[in-house]
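Okay, so here's just one chain, in structure tokens, the form predicted alone.
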């Protein structure tokens, strides 16, 4: 076969492979849009078992389970997760020096299709309990840099939208860095006392978000 004919055939073969790959990609997208069953990791950050953010997490989980998704839940406030100490022994992709309950997160987040963060605002920032978990993502940084869906469920006592913005900005910056896509936010304002969220539309919103993620 002469060189010109070889190049021509190579171009035709490559073009065919690109078209086939594009068709395959479309098929995968359709399967995903058609209701692919997902593994969803829900990480909560409230130390009140019946707190408002936990109530919204419960409703999200109910909707997601009814849609056929598999749920794994990690209630960080009731687990032992040592804060990151910036020793860098993990090198952003290795063994953390601490062997604690974060191992459960590590074993479930890598292959999760979606990650949900549900936490209250504490003194104008996200609760320390869930922040400790997020900071430990450093040790598995390379492993979780892959496309995933993400959800933020947040509760706070104030009614001013600007008060919630720092937490929202942190969440958005984090998932942009990780290459995750936001699938929705439930920002529940004006809820303080335990159970206050029950008399609002937020539980229904969380349920619908779980069902339609």
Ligand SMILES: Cc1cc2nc3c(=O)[nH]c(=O)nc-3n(C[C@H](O)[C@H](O)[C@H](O)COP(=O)(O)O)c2cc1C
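Numbering follows the first chain given and starts at 1. Small disclaimer: the values here were computed from a predicted structure and weren't measured.
One more form of this protein, predicted in complex with the ligand, exists but is not displayed; see below.
Engineer: The ligand isn't shown here, but in the predicted complex which of 168, 67, 174, 157 has a heavy atom within 4.5 Å of it?
Structural biologist: That would be 157.
Engineer: Would you mind picking out the stretch of 78-86, 98-106, 116-124, 137-145 that comes within 4.5 angstroms of the ligand in the predicted complex, counting non-hydrogen atoms?
Structural biologist: The contacting stretch is 116-124.
Engineer: Report whether the minimum heavy atom distance between residue 54 and the ligand in the predicted complex is within 4.5 Å.
Structural biologist: Because a heavy atom of residue 54 falls inside 4.5 Å of the ligand in the predicted complex, the answer is yes.
Engineer: Is residue 48 one of the residues lying within 4.5 Å of the ligand in the predicted complex, judged by heavy atom distances?
Structural biologist: Residue 48: yes, in contact with the ligand in the predicted complex.
Engineer: So which residues in 188-212, when you check the ligand in the predicted complex, have a heavy atom no farther than 4.5 Å from it?
Structural biologist: 191, 192 sit within 4.5 Å of the partner.
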